Every structure is written in C-alpha cells, then in structure tokens.
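For this one, two forms of the same chain are given in structure tokens, first as structure 1 and then as structure 2.
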Structure 1
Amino acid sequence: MAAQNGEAKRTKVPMRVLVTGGTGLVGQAIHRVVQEDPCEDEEWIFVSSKDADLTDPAATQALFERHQPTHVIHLAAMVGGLFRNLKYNLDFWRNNIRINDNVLHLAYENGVRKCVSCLSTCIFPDKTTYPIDETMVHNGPPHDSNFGYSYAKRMIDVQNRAYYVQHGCKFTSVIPTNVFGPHDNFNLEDGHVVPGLVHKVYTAKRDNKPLTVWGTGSPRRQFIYSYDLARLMVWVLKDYQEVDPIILSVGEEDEISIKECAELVVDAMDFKGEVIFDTTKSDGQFKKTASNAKLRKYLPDFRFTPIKQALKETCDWFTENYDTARK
C-alpha cells in the first residue's frame, strides 16, 4: 500500500478490535492513536487483567464471547526486568505460553480475521550477526537470562504459522526495538533504559544530587516512541498481509548512544546538576542493530517522531503523573 504524506495509509474495513494489555505502554499509545483518528465502522475495546485472566481458557473464552472481536491486537504478557526473569524463568515461560495459546486459539475459534501479537528484539539469538532481521528469530538459543520469556514469545511466531498452514488464519506479529513513552514502567530495578534515565533524572533533580549513568554511555541503541509504534501497529493490523513478523524500528542511522539519550533527558527535564558516568559498570553490547528494511519497503515515507520531542513528551508525562506512574 503506497504511503501518502508520510502517513500510513489505512484501508477502511468495518471492525471490532480487541486490544489485550490495553493499559500498558503500547496499549495506551494505541488508545491515543485511535482517539486522535477515529474511524467510522470501527470499535476499539481495550482490556486488561482486570477484565480477564488470560492464563485461564474459560475466562479468555468469556472475553471473546462478550466482545465478539473481528480483529485482535495482542499485547498482554507477563513481563519483567532482568532479576525477575532470572528468578522465575518457568513462570515467564508457562504464563506467557498459556496467555498466547488462549488468545490465539480463541481468536481462531471465534473467527477473528486478523490477530497481531507483539514480540521483542530481546528474544533473538544470543550469538548472532548484525544487523538482525526478521528471518533470524529461530536461528539459535536466546540469551540465557530470560530464556523462558524468550521462547514463549518465539512460540507466537511458530503458532501463527501453524494456524496459517492448517486453517488459513491471518495471525502475525511485530518486533519492536526499545519502546518508550508515557505509561511505561519507570521502576529502576525492572524498567528499561529510557524510563530508568527519566526516573533517575527526576530524582536527581528533586534531591539535588548528581545523575549517575551506568557505563561509559557509548553503546548505541534504536529507540521507538510508543506513539509511532502504535501508528505502525494499526497499519499492520489493517494492511500487512504476511504471517512472518515485521521489525518496527527506526533505522540504523537513527541509533543514538546512551550518552546522547541521557543528554536529551537532562535537557527535557531541565536538569542542571552534575552528570557522572560510572565506567566501572558494564556497558553491555556496543550495538544491537536491527534492520528495518522490511518496514521501509512497505512504508518508505513513514516519519518517526523526532527523538527530542518524543523524550520531552515522555519526561513531561512522568513529571505530571509522578504519583500514579508505575515505579
């Protein structure tokens, strides 16, 4: 589908879209996208664990029966930071396998026309060449620290393909790189790099202390703003016809270093204190580049929100919603 004005062109189709994990980082962004651009003949239903325990087949069945969705965006998952993953590999594996199996199987049984699930670049093979692309997901074992979570996510792709081969279902998946935005998990133990920096700068500013960034700041990462990811996921839901996953990310040219990211957050939050880089801490991998060639082939003119603006919006949200933000 050709893009116009850099915006993803959308096909009009009457639909009732069920979004699981609707209150999380990505779910909230989809909510925003849908509210900004409501389409006639479209009904969007955002659900969370309050509405149904998706590890339970009967509860999931009841959810599908209640809403009769024609489409599903499946974002719900048991997620956690490094420490939780290390300790509870089994729970991460079992709960996510069950959630995904319940959602996909009930989507099939209830005649859902399209189901888009969410993978992650962290599930790719630990030993790999770069840039990583969609064809490499199953080419070797994932990093050992979160193997339960990673294999459960990988099985979404296996299950999608199985449903396509056996039943012709159009179930597919997306693979975002590092997502950030409002409604993230800003917990310093469990959260990811951007929310961690935002929270740290906020605290340093409030307590009049230096900001300490772990490592040298030189590793480079691709970040995708949740709002952009949401726009792309809605496009995938409506117009992406493959069963194979698609990486959703800015290009390699838009990678930024952790140092640059920290500086942008410092600017956005108007932090005037000292910034220290604790070089005794590990940098992790220098680059983990994911190729967005497939996305660019489909949407050559899609424009990502400039990172400065995206980080400003995220920092402002955190500051205004400090009391209720997950931390």
Structure 2
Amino acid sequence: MAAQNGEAKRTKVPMRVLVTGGTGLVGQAIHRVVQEDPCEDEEWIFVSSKDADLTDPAATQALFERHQPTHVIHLAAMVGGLFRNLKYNLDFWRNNIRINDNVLHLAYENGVRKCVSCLSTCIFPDKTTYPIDETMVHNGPPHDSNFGYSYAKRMIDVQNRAYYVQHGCKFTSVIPTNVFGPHDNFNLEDGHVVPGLVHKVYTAKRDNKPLTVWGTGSPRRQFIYSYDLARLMVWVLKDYQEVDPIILSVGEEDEISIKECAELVVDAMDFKGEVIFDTTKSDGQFKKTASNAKLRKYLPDFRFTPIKQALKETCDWFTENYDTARK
C-alpha cells in the first residue's frame, strides 16, 4: 500500500518499509506490486534523492528519524551505462560507498529488523567460469569498465556480513541481472541496454532514419523485467532468511545477445528501417551468465514474464509516456 502518515497509524503498523531510490525503475515496480496486493499491517514509504541526500550522514539520519522504518529496501545508487562508468569510475566508487554506509549504519542504529540491498551482476569477477553463482562474488577483480561501481556494490555484501557477525543484524542483498521496464532511464548516452535501444528505435522510427546500435551486438545478457524483480524482492524481504546474497534472474537458457534484444525491440516498435551496428563502439563484457539455481531451490514454480511480452509492454509504456519519461 502507498505511504501512510500519522503517529497513530505508525503505532499500529508492525511492518513499515522504507524504500530508498523509490521513484526509480525498481522502486516504481515495487510500488505497483504492493498496491496490487495491499496488506493492512504494512506501510510502504518510497523516497527519492529529493527527500534526502544519502551521501550526507545527517540527511540520512533525519530521513530515518522522520519515517522510523522497521524494514528497508535499499535501491538508491549512483548508476549509469557503460560509457558513463568508463568516464567516472572514481565518482561511482565514492558516492556509492557513502550512500551504502549511511543507509546500512542508520538502519543498524535505528533498529531496522531487515535491510535488503540491491547489487548487480557487474560485481562478479571479469575472469571467471560460467555460470556465475553467489559463492563467486569476491573471487577476482570485476571488469575494468565499471570497477568503481562494482567494488562499491561488492562492499555491501562485506558490510552485511560484518553487521551480522558483530551485531546480529539480518541485512542481506539481491543480485539481479539486467533489469528493464517502465520508468527506466531512457537516456541515449548513459542508459542501459534495453532503455537505450527502446529510445533509439522510437527516434529512428519517428524521424524515418536508420537505427544505429552501438557495438557488434554479440555480447549476451540475461534480462529481468522490473515487475518480476519487484515480486521477488518483496519475497526476499518477507521470507528469505540468509545474510548471503541471492541472484534474482531468469535461467541461463533465457540469455540472449544484444542483437537478438535489438530485434525484439524493433519488432515491438514495428520499426521497418535499416539497422546498423557501429562496431567502433565498445562491447563491454562479452557475457556474465548467472545461475538462478539458488532462487529455484526456494521458488521452483516462479514464472517470469516472457521477454517478448515484457519488451512490448516497456515499448508501449515509453511511447505513451515519451514526454515525461526520463531521457
């Protein structure tokens, strides 16, 4: 259910969930999921960078004092696509380390019963065997392209374990593969693969021009729809009891190439023009296939939205909300 206010209400609500980064891609998806299946004994509070600068300890403390959460889903981060990461690795490291330390420490100091943080498959070693799983996070350096962001996210796992060992805190983390869906950042320079493709196809179709896809199209990725991820994160918050992270992803068999992804977006947008792959642009990491065996052990019957349907819904949302979408 949406956020409720008032001290009288607060004394009756046993579960008050603060969602940092609550207006972003995953936060918006969680908001929709909890609205579709509301619980009277839950209060959900979605905050954004406008509500508090989480790099500032005092501002973070004020946020926790204002909302007094019993649980936290920590999504807030400095994020960006491949080319922004290449340029600002130091900024990604420093800002994310500050955000994560402030949120986790204030969660501890305020007696938060459970904190679930969101990591990324980019934290895994660049040189590794596949599929990667939760035991391999710290087995070697991440890819050079985004090492600042990757190491900052890895440190959440270290910090979660330290809070558990020293204070018994039930802080944990999830590792989603490439997330996409409505309310994504569709910026052409800094966006991730799917939103960047959606925006490019929309523009090419509108302007009657060829579609240019950066790179060779050969790298392979597992994509997870934001609403599937949201449902899984609510499950983690309520039912997953481990401190160790859990990968939230479609199966290895559902991994597709960037070229295949582009073709699906082209079909979803009914684009009939020429498609050009600009091979002068970097491909980034070729693959980072992740195992969802641990997730399947817990939820063997969870059904993911077929990627064709999920991409169509994302394209339709972007087309309908073009003027207000983040671009």
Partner chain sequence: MATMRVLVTGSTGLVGQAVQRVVSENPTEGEEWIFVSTKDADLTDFEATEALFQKHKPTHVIHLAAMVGGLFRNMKYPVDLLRNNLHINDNVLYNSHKFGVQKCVSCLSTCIFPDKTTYPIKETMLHLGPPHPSNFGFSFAKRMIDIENRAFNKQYGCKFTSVIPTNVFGPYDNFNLQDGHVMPGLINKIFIAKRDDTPFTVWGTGAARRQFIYSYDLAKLIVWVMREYEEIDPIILSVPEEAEISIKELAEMVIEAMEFTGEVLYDTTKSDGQLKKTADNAKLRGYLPDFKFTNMKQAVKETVDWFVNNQDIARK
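The term rigid core refers to the most C-alpha atoms you can superpose between the two forms while keeping them within 1.5 Å. When a residue number appears, read it as a position in the sequence of structure 1, where counting begins at 1. The model shown is predicted, which means the values in this text are computed figures rather than measured ones.
Taken from the form predicted in complex with its partner chain is structure 1; the remaining one is not.
In the core-superposed comparison between the two structures, A162 has its Cα shifted by less than 2 Å. With a cut-off of 2 Å and the rigid core superposed, I258 has a Cα displacement that reaches or exceeds the cut-off between the two structures. Once both forms are fitted on their rigid core, the CA atom of T212 lies 2 Å or more apart between the two structures. Superposed on the core, the two forms differ at K272, whose C-alpha moves 2.4 Å between the two structures.
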